[in-house]
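For reference, the chain that follows is the form predicted on its own, supplied as structure tokens.
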């Protein structure tokens, strides 16, 4: 491993509203403070960063995670995924459908996954998530990212006025990938603002999601359901979304404070293996 100083790299937007590719960096190198600061600013500017063609070890992944803040805790009770974490470095979760003796070696193994914010069901959600690809299927398993900023900025003013200042309840059954389906017997829930102000950028984003948001606090269930469905549909409009088609060696980091993400289905008989870390949250959403 070498130490890079004053590293030059390019920031190439992926869509109008969300995502940028960082070109010209080897994340196996230890980067200097000025380079790290520029990467962090690009993350705040674009919400999702893509690094292609990386060949990094687990120790490198943890080091890169710390460029964006303290490493977050595992995020779910480890006893429910006894093989779903790196044996060497327990802060790394394996996302995989690979099975050994009929048991999956990783979490969230199969199928598509509804749009969601990671850890929104906790009192202090994680700021970010990193995902590094080791094995991918021949097709499918794409990850979609939607901009909460763009969704908020273009929201109907009447709907925005009705929900401004309100809070929502978020509930998650660990391991579930579809709303109201699955899970492994452990749950968590928390309340947060419907519209979140990002503490670093000062921008507002829609902060509800189809997988985990259950209720707008203080509204009858029927009215809440109708409003949430309208927000879900608006937030997931194609013009706000970047679809990532994975290649081996891709590393993505996304900002959970201002974006949601989802997963396409993929062949169950083809292997998929990702390594996941998180950036710990520092404040309660406001």
Ligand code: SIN
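Remember, it's a predicted structure, so these values are computed and weren't measured experimentally. Numbering follows the first chain given and starts at 1.
Missing here is the form predicted together with this ligand; even so, the following discussion is about that form.
**Student:** Could you spot which one of 196, 121, 116, 126 gets a heavy atom to within 4.5 Å of this ligand in the predicted bound form?
**Tutor:** Only one option qualifies, and that one is 116.
**Student:** Taking this ligand in the predicted bound form as the reference, which of 151, 168, 108, 212 has a non-hydrogen atom within 4.5 Å?
**Tutor:** Of the candidates 151, 168, 108, 212, 108 is the one lying within 4.5 Å of this ligand in the predicted bound form.
**Student:** So in the predicted bound form, is this ligand close enough to residue 46 to count as touching (4.5 Å, heavy atoms)?
**Tutor:** Contact check for residue 46: no, nothing within 4.5 Å of this ligand in the predicted bound form.
**Student:** With a 4.5 Å heavy atom cut-off, would you call residue 17 a contact of this ligand in the predicted bound form?
**Tutor:** Result no; residue 17 lies far from this ligand in the predicted bound form.
**Student:** Is residue 257 close enough to touch this ligand in the predicted bound form, meaning at least one heavy atom pair within 4.5 Å?
**Tutor:** Residue 257: no, not in contact with this ligand in the predicted bound form.
**Student:** Is the gap between residue 131 and this ligand in the predicted bound form 4.5 Å or less for some heavy atom pair?
**Tutor:** Although this ligand is absent here, residue 131 would touch it in the predicted bound form, with heavy atoms inside 4.5 Å.
**Student:** Among 108-116, 198-206, 152-160, 212-220, which stretch sits within 4.5 Å of this ligand in the predicted bound form, heavy atoms only?
**Tutor:** Stretch with heavy atoms near the partner: 108-116.
**Student:** Can you tell me which residues in 255-282 come within 4.5 angstroms of this ligand in the predicted bound form, by heavy atoms?
**Tutor:** In sequence order, 261, 263, 272, 276 come within 4.5 Å of the partner.
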